[in-house]
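Just the one chain here, the form predicted on its own, laid out as structure tokens.
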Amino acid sequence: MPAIFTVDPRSGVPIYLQLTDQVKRSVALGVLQPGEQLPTVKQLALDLTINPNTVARAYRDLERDEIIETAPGRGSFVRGNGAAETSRAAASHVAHEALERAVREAKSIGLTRSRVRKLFNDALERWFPEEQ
């Protein structure tokens, strides 16, 4: 499997969260297909030069969120049953995280709630004109 995951230790986002978000995004976008095997904890840790416990934590969280399933002795796989629901849930999670970051950034630069709402509504109108 080609390396599709990257981490940035200087980003301020915990590495295990970077991994979980990347897997969820990859599932949502169809880059990772149902039934596809993920790299082993050891292999991904070596590829990314990070602690295997970090990868294990990300995989545990992904299992808890029902994005992947792990079969002892076989490895970790993208869940196959309910793939459409899993993909929609992953897409919603990715969008939610992006919106959270955008709102946090807007607040940190001093924008008011009403200004943020206006900007958000403008973006909705631009990207979803058919739903007006």
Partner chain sequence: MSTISIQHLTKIYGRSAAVDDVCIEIPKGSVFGLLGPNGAGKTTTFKCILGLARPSSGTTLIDGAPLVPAVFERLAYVPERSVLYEWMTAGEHMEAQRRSFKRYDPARATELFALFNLDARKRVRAMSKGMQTALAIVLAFASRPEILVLDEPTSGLDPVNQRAVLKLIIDAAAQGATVVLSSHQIGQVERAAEHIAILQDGKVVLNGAVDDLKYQRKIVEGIFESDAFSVNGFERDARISRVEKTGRILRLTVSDGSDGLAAGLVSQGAQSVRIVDLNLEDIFLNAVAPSQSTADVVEAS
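Numbering follows the first chain given and starts at 1. All values derive from a computational prediction rather than experimental measurement.
Although it is not shown, the form predicted in complex with its partner chain is what the next lines describe.
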Among the candidate residues L46, A95, L29, A102, which is the single one with a non-hydrogen atom no more than 4.5 Å from its partner chain in the predicted complex? L46
Answer for V116 alone: is it within 4.5 Å of its partner chain in the predicted complex, judged on heavy atom distances? no
Does G35 make contact with its partner chain in the predicted complex, using a 4.5 Å heavy atom cut-off? no
Do T112 and its partner chain come within 4.5 Å of each other in the predicted complex, heavy atoms counted? no
Applying a 4.5 Å heavy atom distance criterion, does R79 contact its partner chain in the predicted complex? no
Does the trio T20, A91 and N121 actually contact its partner chain in the predicted complex, every residue with a heavy atom within 4.5 Å? no
Within 4.5 Å of its partner chain in the predicted complex, which residues of 43-58 have a heavy atom? Give them in sequence order, or say none. A45, L46, D47, L48, T49, I50, N51, P52, N53, T54, R57
